[in-house]
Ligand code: F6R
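This document opens with one chain alone, in structure tokens, the form predicted on its own.
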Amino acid sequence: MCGIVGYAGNKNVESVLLVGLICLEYRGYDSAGIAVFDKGDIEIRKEKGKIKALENLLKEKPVDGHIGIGHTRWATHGEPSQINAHPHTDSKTSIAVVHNGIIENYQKLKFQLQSKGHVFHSSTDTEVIPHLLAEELKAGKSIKDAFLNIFSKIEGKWAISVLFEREPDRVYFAQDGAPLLIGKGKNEYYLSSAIEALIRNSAEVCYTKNKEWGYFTKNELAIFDFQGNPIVPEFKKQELKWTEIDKTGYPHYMIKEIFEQPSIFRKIIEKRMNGGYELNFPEFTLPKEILSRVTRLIIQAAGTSLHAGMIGKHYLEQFPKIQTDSEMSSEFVYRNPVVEGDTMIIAISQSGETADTLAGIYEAKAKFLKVISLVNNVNSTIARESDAFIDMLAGPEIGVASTKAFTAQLMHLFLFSLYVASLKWMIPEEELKALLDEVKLLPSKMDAILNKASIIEKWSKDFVDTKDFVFLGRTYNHPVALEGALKLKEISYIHASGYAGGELKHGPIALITSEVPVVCIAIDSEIYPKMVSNIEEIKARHGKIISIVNEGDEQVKALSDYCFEIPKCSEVLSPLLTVIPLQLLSYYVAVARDYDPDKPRNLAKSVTVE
């Protein structure tokens, strides 16, 4: 969701905040703004639209100072506009606030404040915060007591940063369920919602925890809990390199991340298999005997991660033979699931901050269940709140539409299922070795697919005016069909639906016309003849067929209007290959339609609100 930055030091704060916001723009780009101490006064600059609009405003109305906060917004309460853009202030502009998350009881608080004479200008929930603080200070409270008092009044999951006119050398911050990081430089401190904004300037980073608050100057950092007790900051070495979040010559992050998948898989294979057949998860701290006793697993996730979890269900039921359910986090939380003592929850999240998934973890822990998580950020809230976690090793993913994180999730779900099967003595050694040998071939097979990306780029121009797509897959590739449809919707804004092939004749076939392309995943498997039948049904109704087949397939190719061949592999591993042409299709269609695939409308990378 929204991105927060802050700075106190000797550099020009306008430049520092802008660079930080650009790094966080994937978290929201409806509007952006900054608040800066300029000659002792709080100066606000904010504008609707992407950060470029804020840059243009600052050229016309520059600010000068060394301490400030900034924000890039994904709208929750109130439409994208200049008025609703952050920072928000109290009536005297003596307090400025930027905020990520939701204040769930803001309407009640707003009515109370209005009854005391406070005037509001925006439609946001955020604006209650500076007015609450102003009311506390008006009553004679110190800033510390004002903070502690409002923490008990506001409800929801949130993070804030605040400037107070009475203390022009300090940047305040607080969080309860949304990420905030502190970066340490030389005679300077930085604040950010994510690591990307800290890479260039911070050798060490402190990850704040839930219900912590504090302040920093250019030379001092203080952190407290919500009872006011001091906390010793824990700094970790910052090891990411700038090249990991730079486009490195690619036109968009999304296509860069699609092409990174073979190298990521080589890294995963090296770290997880040590060149042999012994699976290795050193960061996974849950005792083996607990895993071996599990009789049921529930995978809960959202969006692309849910699609990975649906395939993970197949893996965990096929190899360790554990009954597994995959559920939407947003529904899992509220349906009071029936669970037993030997049930374990698996949470999947790229960011490690997904609000729905985090709420699912809290629900599971309230039922005294063990939780393991698959995350791409080992310092995230979800990693901290889980009993154990597995690092997906995908590296920073900036593109809003997830690609490399999805395949990294699949790979780890597959390897983890083999690991658990080994613990439970459910897989013969010969079968395990054969599967891992095939895993080692995946990077080169991915390279072969990506070397033919120009084929799909050429196709994309035929779909510029297309209004609807249908995606079909079966067994392991049904979730891939769902993922392909999601990707196309996310970045090209074409309506797309994914279905299991067997469901085609139970309703979706009514959608098929000569204007509707149908993407059919028809790789070698025991249900290949069934998929061919689906394709024949579509052909009979004049649908345009885009097929994903194995190399050498002539039967489906003859039925297809467009046919993309991928290297042969076992069906169980096929989703790791079949999804790549669908990622490329969504990317190239979006570009052909002149849309920015890195900044799809109404979306943000990290969904930190329910």
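Don't overthink the numbering: it's just position in the shown sequence, from 1. Values in this document were obtained by computation on a predicted structure and should not be read as measured data.
There is another form of the same protein, the form predicted in complex with the ligand; it is not shown, and what comes next is about it.
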_Candidate stretches 267 to 275, 484 to 492, 291 to 299, 416 to 424 - the one whose heavy atoms come within 4.5 Å of the ligand in the model of the complex_ = 484 to 492
*Select from the listed residues 175, 407, 373, 351 the one whose heavy atoms reach within 4.5 Å of the ligand in the model of the complex.*
351
_Residue (of 535, 439, 400, 516) lying close to the ligand in the model of the complex, criterion heavy atoms within 4.5 Å_ = 400
*asked:* With the partner left out here, check for me: in the model of the complex, does some heavy atom of residue 84 sit within 4.5 Å of the ligand?
replied: no
*Decide whether residue 377 counts as a contact residue for the ligand in the model of the complex under a heavy atom distance cut-off of 4.5 Å.*
no
*asked:* Would you classify residue 305 as touching the ligand in the model of the complex, given a 4.5 Å non-hydrogen atom cut-off?
replied: yes
*asked:* Can you list, in sequence order, the residues from 363 to 387 that come within 4.5 Å of the ligand in the model of the complex, counting heavy atoms only?
replied: none
